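Before any questions on how it binds or moves, here is one chain, the form predicted on its own, in structure tokens.
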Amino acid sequence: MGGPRFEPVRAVRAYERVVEQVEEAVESGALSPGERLPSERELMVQFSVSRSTVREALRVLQARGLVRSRPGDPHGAEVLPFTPAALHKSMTTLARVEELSLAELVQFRMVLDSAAILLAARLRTEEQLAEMGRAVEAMRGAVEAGEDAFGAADVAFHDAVVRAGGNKLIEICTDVVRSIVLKLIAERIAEAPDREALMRRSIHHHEEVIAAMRAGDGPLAARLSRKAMYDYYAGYVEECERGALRALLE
């Protein structure tokens, strides 16, 4: 039979509609940080819903970092300014709920790291470059100390790179993706028989990246970084998915 095809609709609870309208007001600028929503009683009247519905909506909005609310507050919930922590929490939830594959997460990290390095190669200061060098020296000193100390020094290196690039969104996304990826493979890394060799290879790759950045060659530094991440993570990714990572090496 011809004609349009329709999709099933999802039943939407009343509190979700309340949340949607408040979010739209914040996003459009109708509500600004520091302003307050009407009291619970006034919200009940405006939305024509029960007190429990209003409180559930406020609970969700507070969990998302949009408002600060106390039940029964006569002044109403306060609209909060945007914070990186709110985005960090949202991205972490997205990555877990959507059940993204390790390959997808590693691929995204390769893209983010490349972008951060391209920016850092252009914008970094000598002090920031020195900070990266100190992080690599800490990695070298941590080889004997174990995975935890080495991992902390490695994180310090990548954090220094991202800060030098100056993009807050890349910084947040990198932090989220890195933490999720490491949690997924932590046990396998700890049990790897060639763990020390992996550490020393990682140090060498970082030194190559720093050298390229010092020379002002951002594209080379980014390419070296993608190759280093592929070498490090490919063994933990299913063979059938490695092509998605190799695509970034070309």
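Basically, rigid core = biggest C-alpha set you can superpose within 1.5 Å across the two forms. Computed from a prediction, not measured in an experiment: that's the story for all the values here. The first residue of the shown sequence is 1; numbering continues from there.
This next part talks about the form predicted together with a further copy of the same chain, which is not shown.
Partner contact region in the model of the complex: 55-63, out of 206-214, 55-63, 42-50, 182-190, criterion any non-hydrogen atom within 4.5 Å of a further copy of the same chain.
The candidate site formed by Q128, G151 and Y236 is entirely out of contact with a further copy of the same chain in the model of the complex, as no residue has a non-hydrogen atom within 4.5 angstroms of it. Note on the partner interface in the model of the complex: the residue among L100, A160, V79, V143 having a heavy atom within 4.5 angstroms of a further copy of the same chain is L100. With a 4.5 Å cutoff on heavy atoms, S202 does not count as touching a further copy of the same chain in the model of the complex; it lies far away.
a further copy of the same chain in the model of the complex comes within 4.5 Å of no heavy atom belonging to D231. a further copy of the same chain is not shown here, but in the model of the complex it comes within 4.5 Å of a heavy atom of L94. A residue is said to contact a partner when one of its heavy atoms sits within 4.5 Å of a partner heavy atom; E196 fails this definition for a further copy of the same chain in the model of the complex, lying far away. The Cα position of V19 differs by 2 Å or more between this form and the one not shown after fitting on the rigid core. When the rigid core is held fixed, the Cα atom of G218 travels less than 2 angstroms between this form and the one not shown. After superposition on the rigid core, displacement of the C-alpha of R51 between this form and the one not shown amounts to 2 Å or more. Figure legend: C-alpha atoms of A85 and L182, shown here, are separated by at least 3 angstroms less in the model of the complex. Compared with the form shown here, the Cα atoms of I180 and A85 move at least 3 Å closer together in the model of the complex.
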